[in-house]
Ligand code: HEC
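Presented below, as structure tokens, is a lone chain in the form predicted on its own.
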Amino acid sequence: MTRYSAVLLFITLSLFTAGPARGAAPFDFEGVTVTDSTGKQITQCQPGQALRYKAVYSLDRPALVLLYGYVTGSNWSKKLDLRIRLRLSGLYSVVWSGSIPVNANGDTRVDVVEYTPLFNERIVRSAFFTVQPFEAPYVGSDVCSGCHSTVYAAWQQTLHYPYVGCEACHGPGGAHIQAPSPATIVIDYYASGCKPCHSRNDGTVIEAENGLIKSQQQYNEWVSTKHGIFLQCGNCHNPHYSVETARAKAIKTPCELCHPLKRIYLGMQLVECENCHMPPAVKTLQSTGFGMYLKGDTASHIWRIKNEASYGDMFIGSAAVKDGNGPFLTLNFACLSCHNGADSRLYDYTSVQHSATLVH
């Protein structure tokens, strides 16, 4: 032990043993208050607000005091770091500062512990306040462009523009403007966020008309497939970009990432996966061709090709057929959408049915 440490220990022990009533704890924990940054005591605050947590205690003689604590909300918590105080008799306070998380809400409890090691005395005092989230107003997509100019410009090139704005998917932006953070805006990669605009009926029946799938049923198709078990729309799509004008950014995940063992033969190596597995079996505005060469103008999200199915097996009445593995595409869409004599060499249904099994 150094001379400095020995002197400090002697002074500390002298302080502990000084004065009367040595058997009783020398302090009184007055209480805990919560104030705003100006020192005004509060019982309610808003997310992101700066607060102070103040513990007041008094000593009737010199003593060593340790203070620490916790702030606990419904969905967040904060530790009040340890403060060590060696003081003479008198009235003292300790203050911790911090900001309320932007996603906080509801009742919050502050617990401060005051502990004197010599007497092994521990006292806890508490305070309570409520975090009241403010109602976030809608601000409009133009306001978002101030910070997100690249995404805003890309959105203007999509079919979402101008009617499906930022806040249609991300929720009101008022809170995000005041406290920019992922916690103050909706970031939803799940299909449930796309469903309101990309589904019909209750999302279970894939509606059809005149030999084609009706438009705006990407959710109906997806949820009925195996992709609907393991993937969400946001796993593959970046909705800020257009598949037509910025495909490399719009499609986040290539098919090969999930299907690395798939091999393509029969001279089809230069054909994109979606040409066959996402053919234009959906009509949004117009259709072309006729009979088994009929095709729509929008890609299907069914993916599975049923080679053994016959032409016409894909629909019954006004709905797509589902077997034990869900809905399926027939070869008139998967193959004859291209092999129609105009876009590629002409084949008939029987010919492609014989060769389709050789592609993989």
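From 1 onward, residues are counted along the sequence shown. Here the structure is a predicted model, which is why all the values come from computation and not from measurement. Superpose the two forms; the largest set of C-alphas matching within 1.5 Å is the rigid core.
The discussion below concerns the form predicted in complex with the named molecule, not included here.
Stretch 156 to 164 is the contacting one of 122 to 130, 200 to 208, 156 to 164, 84 to 92, since its residues have non-hydrogen atoms within 4.5 Å of the named molecule in the predicted complex. Only one of the listed residues (Leu118, Ala136, Val113, Val139) places a non-hydrogen atom within 4.5 angstroms of the named molecule in the predicted complex, and that residue is Val139. Proximity to the named molecule in the predicted complex, defined as a heavy atom within 4.5 Å, singles out one entry of Leu212, Val71, Ile100, Cys233, which is Cys233.
With a 4.5 Å cutoff on heavy atoms, Asn307 counts as touching the named molecule in the predicted complex. Although the partner is absent here, Gly106 sits far enough away that none of its heavy atoms falls within 4.5 Å of the named molecule in the predicted complex. Of the heavy atoms in Phe27, none are within 4.5 Å of the named molecule in the predicted complex. Under a 4.5 angstroms non-hydrogen atom cutoff, the named molecule in the predicted complex lacks Lys283 among its neighbouring residues. Here the marked residues Val32, Leu59 and Trp96 all miss the named molecule in the predicted complex; none has a heavy atom within 4.5 angstroms.
Scanning 240 to 256 for heavy atoms within 4.5 Å of the named molecule in the predicted complex gives His240, Ser242, Val243, Glu244, Arg247, Ile251, Lys252, Thr253, Pro254, Cys255, Glu256 in sequence order. When two forms of a protein are overlaid on their rigid core, residues whose CA moves 2 Å or more are considered shifted, and Phe134 is one of them between the shown form and the other one.
After superposing the rigid core, the Cα of Ala191 is displaced by less than 2 Å between the shown form and the other one.
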